[in-house]
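Okay, here we've got a single chain as structure tokens, the form predicted alone, with questions on binding and movement later.
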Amino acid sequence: MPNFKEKLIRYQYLIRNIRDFFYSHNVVEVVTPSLLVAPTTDVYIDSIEVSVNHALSKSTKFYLHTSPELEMKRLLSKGSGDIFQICQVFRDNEHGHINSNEFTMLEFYRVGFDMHQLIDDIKALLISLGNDDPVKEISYAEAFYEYAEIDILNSDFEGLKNILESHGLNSDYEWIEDIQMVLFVHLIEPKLKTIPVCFIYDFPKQQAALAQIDGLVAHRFEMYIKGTEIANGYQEIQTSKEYRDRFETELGKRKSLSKSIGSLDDDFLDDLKVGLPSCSGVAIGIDRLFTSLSL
């Protein structure tokens, strides 16, 4: 099966060149634990629970990491400097032609970088991988103005709900960020399929996740290649209190949705008491990147 072997070699080439890029920029490769003591708090991502040491009568519950994010931030808080990692991650309740319970993720952090500097770094990475397609950078608000004539940042819950209904879409949502996301998927994402590489930045503050908030926007971005989401990045919040507040908000929403709720990772919050250095980070789906670049 020569085509199968060729694909394996192309995938190897991709991984090798990603590593070469970071090595040449003095970004340190790290390996962090996959078994964590607490599940993710993310509202729309679910951890896979596992139990170990049954035969030793010391059964312990762990959770497979959904990303290496928190463990890498613990390293950043200890002075690691710029770091990257390529690893397998695991997520429950994922299904679809581009979603999977297990996939390969590239995650990296650049100390002293703001969101736009990190976007420039990703563009340089793409070029090093042989992709020099035109790149479009557009804010979330500008994308809604340009493609749907909607003032997304200044539209209230009821106004956006009416827009959903006008497009024949379900409007039974509890939070405005859900409506924003549904409108984005139906009105904006289809327009991105004609753009080789597109960065959408400055999301509404309600979709901040763990990104810094500035007024109505969160300094968060996503990268799309021909309409497929490949990367999700933040200009990172820095204090233990900010992380605790965001985690507790997310857990409250999970509870409202009757989703499983775990305890907070207090060890992580303790480590972050010294603060995270000013930095930006991004997670990139390697399998989607490989497919989208047609390497």
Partner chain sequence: MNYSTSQFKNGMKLMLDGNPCSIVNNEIVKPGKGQAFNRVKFKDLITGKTLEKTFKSGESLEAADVMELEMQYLYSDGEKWHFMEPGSFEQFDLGEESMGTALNYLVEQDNCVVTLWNNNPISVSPPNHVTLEVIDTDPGLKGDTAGTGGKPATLNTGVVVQVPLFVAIGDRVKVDTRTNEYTGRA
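Residue numbers count along the first chain shown, from 1. Predicted, not measured: the structure shown is a model, and the values here were computed from it.
Here the subject shifts to the form predicted in complex with its partner chain, a form of this protein not shown in this document.
Within 4.5 angstroms, counting heavy atoms, which one of the listed stretches 241-249, 25-33, 41-49, 56-64 is next to its partner chain in the model of the complex?
Careful reading of the contacts points to 41-49.
Given that the partner is absent here, does residue 265 sit within 4.5 Å of its partner chain in the model of the complex, heavy atoms only?
Residue 265: no contact with its partner chain in the model of the complex.
Hey, in the model of the complex, is residue 151 touching its partner chain, heavy atoms inside 4.5 Å?
Although its partner chain is absent here, residue 151 would stay clear of it in the model of the complex, with no heavy atoms inside 4.5 Å.
Would residue 156 count as a contact of its partner chain in the model of the complex, using a 4.5 angstroms cut-off between non-hydrogen atoms?
Result no; residue 156 lies far from its partner chain in the model of the complex.
Is residue 99 close enough to its partner chain in the model of the complex to count, meaning some heavy atom within 4.5 Å?
Residue 99: yes, in contact with its partner chain in the model of the complex.
Is every one of 168, 182 and 220 within 4.5 Å of its partner chain in the model of the complex, counting heavy atoms?
Yes, because 168, 182 and 220 each have a heavy atom that approaches its partner chain to within 4.5 Å in the model of the complex.
Which residues, if any, of 233-269 lie within 4.5 Å of its partner chain in the model of the complex when only heavy atoms count?
The one in contact is 234.
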